[in-house]
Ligand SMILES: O=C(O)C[C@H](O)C(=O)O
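First, one chain by itself: the form predicted on its own, in structure tokens.
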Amino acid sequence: MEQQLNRGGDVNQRIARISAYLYPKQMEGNSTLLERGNCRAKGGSPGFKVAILGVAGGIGQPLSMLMKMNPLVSVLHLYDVANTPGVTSDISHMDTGAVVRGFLGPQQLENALTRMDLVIIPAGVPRKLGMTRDDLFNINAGIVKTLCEGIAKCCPKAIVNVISNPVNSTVPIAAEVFKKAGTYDPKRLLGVTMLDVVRANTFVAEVLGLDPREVDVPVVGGHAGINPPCSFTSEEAAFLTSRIQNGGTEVVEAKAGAGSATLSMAYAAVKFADACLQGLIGDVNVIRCTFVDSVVTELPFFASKVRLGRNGIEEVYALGPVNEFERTGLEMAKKELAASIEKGVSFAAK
């Protein structure tokens, strides 16, 4: 009889563990369940704690799925203001090592962020047909500001990957929020411009007849319609520059108003997040392009190659030699970037 009672207790403990991760709100005020902070699924993999803010959207869902597959992730927190339970339940059925927990609404944001090592922010509205990145600003700026206030309070040492567009403005907003809170570390705030690089690698490989995995094209400046191109003949450079710059519009038009670049963005975001995690475990020579606090140009933020490590950004690389065609593109990019950065700083100051 005593063994049966013990066995029943073990079963209840296991059920409590599962419930705690899928439905954390149920744990509040219930002394029969394990404390959430100490709850750990048996067999969970060693690794980092990652939070994704905005999991119910077109980027957030595939991003969550791909991060659940990453062997460097031990705990995956999924947050959104709507539809989080469904995404959490769905993702949690995947037989990978990461433990998944869902958080719904502003009242659970702090719980979602507590003790996180990496925070990824795809939250916000996508770009629709006819919309510019400036159109996105009015909605997404406020969302990013609120989320970053939570990060500053709950996990100020986390690496933060900002995906929400327009990145050229949302990263400066995040920086200003962290400065106000006294937690700003420029090494730990990174704007994700990896999709530009992924597109460049793909399009250049098509022209050259190569495997895209063997191509590495740095895209510098920012994540917008103007970026300095890589070196080709004038005809090739013009074609590739236009295709890379307008890659997002190409997808929006192809989806005929039904969405934007969500799947390729999720892939690029996971590729960049994995690089950040590789840096955190101490891998050397992890080099990626990202939009960061910078002294590479006269602008306070700029997208260029950086080396990632245990502290986030370990080194920001200079641009190196550029030809006349690239120099012209760079000057055009600077003008657009300066306006976007100022727009973000001004918004955060309100």
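When you see a residue number, it is the position in the sequence shown, counting from 1. This is a predicted model, so every value here is computed, not measured.
The form predicted in complex with the named molecule exists for this protein as well; it is not shown, and the discussion that follows is about that form.
Taking non-hydrogen atoms only, Ser89 never approaches the named molecule to within 4.5 angstroms in the predicted bound form.
Although the partner is absent here, Val198 is not a contact residue: none of its heavy atoms lies within 4.5 angstroms of the named molecule in the predicted bound form. In the predicted bound form, the named molecule lies within 4.5 Å of some heavy atom of Ser260.
Shown alone here, Gly102 lies farther than 4.5 Å from the named molecule in the predicted bound form, counting heavy atoms only. Only one listed stretch (112-120, 241-249, 150-158, 211-219) carries heavy atoms within 4.5 Å of the named molecule in the predicted bound form, and that stretch is 241-249. Along 150-173, a single residue, Asn165, places a heavy atom within 4.5 Å of the named molecule in the predicted bound form.
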